[in-house]
Ligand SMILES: Nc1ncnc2c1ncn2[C@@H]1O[C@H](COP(=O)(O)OP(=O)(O)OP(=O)(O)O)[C@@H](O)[C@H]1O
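There is one chain below, alone, in structure tokens, taken in the form predicted alone.
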Amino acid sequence: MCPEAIREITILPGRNKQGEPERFDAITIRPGETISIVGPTGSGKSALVNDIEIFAQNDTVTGRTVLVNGRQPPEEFVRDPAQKPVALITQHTKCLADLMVREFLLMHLRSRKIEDETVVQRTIDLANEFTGEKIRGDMKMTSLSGGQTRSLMVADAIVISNTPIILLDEVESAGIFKGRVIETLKRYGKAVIFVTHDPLVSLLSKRRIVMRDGSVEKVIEPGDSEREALDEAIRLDDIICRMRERIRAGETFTAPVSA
């Protein structure tokens, strides 16, 4: 029997590091939404992502509960990797398999019982939209840079895993094109949750979950009130991206880079 489609996931409150109850009723996340988790180092951002990834049932240190469509998640969502509707990609994602990129993706394809092998090249092509360092199918997985690896994993989660929920834990520092990733994830209707310190990623998100002392302090939904700040963040990020690519190409700078 096919697992049920995810219409929403709901996070119910747990407790902070002192054991005090979190002060929110529920946080509901639906496909197509983009949410950032922000806060100081050690504030509990990764713990919240972990609760979502494992569908916590008051069985983690935070005491939170995560529901699917208002109910306890089906057993296969928790126990069967092939049915798991959540992909977690972290800044420290590494591949230890001594395989070429094409072989790695084919192996994943077969584990998902997908017969259309053209999906492999589609995944590589999509990954190359996210990174300035071109990925080829004949490259070894272990030779990929951090940005290439994260870009490939994001593309894999979209195309092969096709998970409705994607959790990205501080991947913006890995040299990927953040704006392109976010727009693509929105286009594919994914519920995307970022753990981030990056202003652009935060401003591009529909909501921001602010963490402090191990608990959710507040949820911000700014609407259009931050449009001017977002435009400035996009302008500055474009300058940084172009400077990075020029530095990689061995260029020097004899004048300021303008937007």
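Start at 1 with the first residue shown and count on from there. Since the structure is predicted, the reported quantities are computational estimates derived from the model, not experimental observations.
The same protein has a further form, the form predicted in complex with the ligand, not shown here; the description that follows concerns it.
Contact with the ligand in the predicted bound form, defined as any heavy atom within 4.5 Å, is confined among 201-209, 217-225, 44-52, 26-34 to 44-52. Mapping the unseen interface onto this chain, residue 162 falls outside it, with no heavy atom inside 4.5 Å of the ligand in the predicted bound form. The ligand is not shown here, but in the predicted bound form it comes within 4.5 Å of a heavy atom of residue 40.
Contact between residue 91 and the ligand in the predicted bound form is found at the 4.5 Å heavy atom cutoff. Among heavy atoms of residue 156, none comes within 4.5 Å of the ligand in the predicted bound form. Contact here is defined as any heavy atom lying within 4.5 Å of the ligand in the predicted bound form, and by that definition not a single one of 128, 151 and 235 is a contact residue. Taking the ligand as it sits in the predicted bound form, the stretch 123-156 never comes within 4.5 angstroms of it through any non-hydrogen atom.
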